[in-house]
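Shown here is one chain on its own, the form predicted on its own, set out as structure tokens.
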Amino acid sequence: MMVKRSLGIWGIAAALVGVFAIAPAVATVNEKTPSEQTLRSLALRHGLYLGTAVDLSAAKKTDEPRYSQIIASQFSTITAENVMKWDALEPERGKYTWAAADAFMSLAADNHQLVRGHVLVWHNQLPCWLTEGVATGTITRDELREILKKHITTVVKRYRGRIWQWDVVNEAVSDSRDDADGVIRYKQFWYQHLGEEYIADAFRWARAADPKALLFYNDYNIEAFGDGSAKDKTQFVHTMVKNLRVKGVPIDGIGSQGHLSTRYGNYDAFQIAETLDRFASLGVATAITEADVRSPITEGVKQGLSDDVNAMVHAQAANYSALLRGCLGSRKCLSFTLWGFDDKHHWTTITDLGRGRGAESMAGIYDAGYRPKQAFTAMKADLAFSGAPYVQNRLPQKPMP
């Protein structure tokens, strides 16, 4: 018989939500076959929290209940897709609009789910008053630093004791495709105006506001190490975090986003596990934070030709499986989060990625009609048929003082 965590785990989780060193609950017999169980219950066998980003507007739709039903049944942790970003929280300077973020937190509480807070410092989705003020010089460098400190402190304190993991700094470095020479550098708005010191500041301010939350650095294209050269983004992030922790900066985790495309070939589960282990050797936890696998929308796919569709479906499932097995194989990978689970509401569908020539989409593990795809089944099988000695209980991460 397969086993699942007893329902009492949610009482334990609620009691420890301010500590987040969540111990495994006593397992009870689950008479359902693995295929009948949820991603949520199968993942908790390993102490792994399986999550998704949530489109709050979709979750509120009463005429489309399946979206909310799937969130509640399949996932043990959720991330706000947009409602905790700065432009949503403070559209006017000094005037916070908490309603949507609070509603998201209530959704998590109703579903007995842990929360990944996303995101405190990012160069995108900033309010216009901030970017325009900096551009015109009406906001000075010193004032900008104080604005950032106030924002981090205000948001983290509001949800203190209720957020398990915070993405404190997001995408602070370049990708090899960003510059002609391919060299990895610090980049974008915050670095340009505050220098690299803002990263250490952000983590220290977040720790002061909530001593118990796990604080993550989050980035994309860090699923595997390269050659260790100046063009190796994963090595750059590894070195950056190592140096910051040596200085006492309270970084508790590294989030590997996991945005993949079948256009670029398949990832290797061993490669991903080894990468996560190398990050974990720094003394931090890890997580897959924004997993999705998009595919080119070819004419054959549009026409529903079986050769094209089947190839895409199999390639997508293989990539999701590699990400999940890589996380399972690294003991300090605490959570695995999808960046949306269905094709209808997926960000790759509703942005330019899903439109026009060279479009890529169909990235969810459910299709637009909420029918599970092969990727869903592959993930369930990975969770069901993984176990000791190669997969063991998680090693909890304690916040760095």
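Residue indices: 1-based, along the sequence shown. This is a predicted model, so every value here is computed, not measured.
The same protein also exists as the form predicted together with a small molecule; that form is not shown, yet it is the one meant from here on.
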property: Proximity to the small molecule in the predicted complex, single hit among Thr275, Ser321, Asn170, Asn221 (heavy atom within 4.5 Å); result: Asn170
property: Contact assignment for the small molecule in the predicted complex, among Glu81, Asp308, Asp232, Asp201, heavy atom within 4.5 Å; result: Glu81
property: Contact test in the predicted complex: Gln257 vs the small molecule, heavy atoms, 4.5 Å; result: yes
property: Interface membership of Asn243, the small molecule in the predicted complex, 4.5 Å heavy atom rule; result: no
property: Interface membership of Trp347, the small molecule in the predicted complex, 4.5 Å heavy atom rule; result: yes
property: Any non-hydrogen atom of Arg294 within 4.5 angstroms of the small molecule in the predicted complex; result: no
property: The small molecule in the predicted complex reached by all of Arg116, Trp164 and Asp252, non-hydrogen atom within 4.5 Å; result: no
property: Which of 279-287, 128-136, 201-209, 82-90 sits within 4.5 Å of the small molecule in the predicted complex, heavy atom basis; result: 82-90
